[in-house]
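Encoded as structure tokens, the following chain is the form predicted alone, with no partner shown.
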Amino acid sequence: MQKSLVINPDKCTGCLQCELACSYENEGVFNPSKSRIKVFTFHQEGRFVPYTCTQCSEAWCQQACPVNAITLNLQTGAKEVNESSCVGCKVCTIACPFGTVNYNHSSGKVIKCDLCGGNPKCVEACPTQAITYVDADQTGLEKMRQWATETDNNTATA
């Protein structure tokens, strides 16, 4: 069973614990700028939205890589950057429509979420459960269908 990250921005307090946990797990330092998950701040509204790689089924970053350095981890479903193959050309950063593939200046390679090998540290660190790691089937069509059904029922009774 594959799992995926689900982010609920309504629960995010902007504490940045997810960024710190990610940077420590992947880079060995507590430095949000080295994190593979970012928290976007809407200052005017006082709201926060965590975002990271969505592990697209047709990953543009993977398709764009001229040296095939981004491969699918069959166990986790994550599109992972093979650091030894990556030449740091940044084509994948341009190809990603969500801006979740980033260039690491210290290594000269790109970095992106790899789901921490199936045990995402951002999930463990989030004190409000704004980030969860659930069965991938719970994140897609069935969830939308359930919402649509509830909306139809609410409309019919209103």
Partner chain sequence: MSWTGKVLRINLTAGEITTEALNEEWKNDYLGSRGLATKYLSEEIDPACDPLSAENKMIMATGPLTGTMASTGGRYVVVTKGPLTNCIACSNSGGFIGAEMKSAGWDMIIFEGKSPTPVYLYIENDKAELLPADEIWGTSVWHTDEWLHAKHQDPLLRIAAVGRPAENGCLYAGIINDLHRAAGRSGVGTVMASKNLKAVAVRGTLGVGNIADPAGFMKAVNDGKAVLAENPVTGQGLPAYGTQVLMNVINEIGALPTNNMKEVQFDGAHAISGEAMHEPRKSDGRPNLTTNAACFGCTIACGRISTIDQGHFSVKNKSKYWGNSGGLEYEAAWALGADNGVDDLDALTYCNFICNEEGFDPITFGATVAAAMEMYEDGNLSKEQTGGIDFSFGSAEALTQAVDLVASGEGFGVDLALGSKRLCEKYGRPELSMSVKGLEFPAYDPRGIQGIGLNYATSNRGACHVRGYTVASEVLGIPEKTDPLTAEGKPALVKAFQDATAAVDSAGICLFTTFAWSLDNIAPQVEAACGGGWSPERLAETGERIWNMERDFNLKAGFTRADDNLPERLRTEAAKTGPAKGLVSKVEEMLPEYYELRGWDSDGVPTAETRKRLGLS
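Computed from a prediction, not measured in an experiment: that's the story for all the values here. Residue numbers count along the first chain shown, from 1.
We do not show the form predicted together with its partner chain, though everything after this point is about it.
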ask   = Of the options 69, 116, 125, 59, which one has a non-hydrogen atom that comes within 4.5 Å of its partner chain in the predicted bound form?
value = 125
request  = Within 4.5 Å of its partner chain in the predicted bound form, counting heavy atoms only, one of 85-93, 50-58, 107-115, 125-133 shows up; tell me which.
outcome  = 125-133
inquiry  = Taking its partner chain as it sits in the predicted bound form, is residue 63 in contact with it (heavy atom to heavy atom, 4.5 Å or less)?
reply    = no
key: Non-hydrogen atom contact residue 138 with its partner chain in the predicted bound form at 4.5 angstroms   = no
message = If we define contact as a non-hydrogen atom of the residue within 4.5 angstroms of the partner, is residue 103 a contact of its partner chain in the predicted bound form?
response = no
ask   = Given that the partner is absent here, does residue 99 sit within 4.5 Å of its partner chain in the predicted bound form, heavy atoms only?
value = no
Residues of 29-44 having any heavy atom within 4.5 Å of its partner chain in the predicted bound form, listed in sequence order = 29, 30, 31, 32, 33, 34, 43, 44
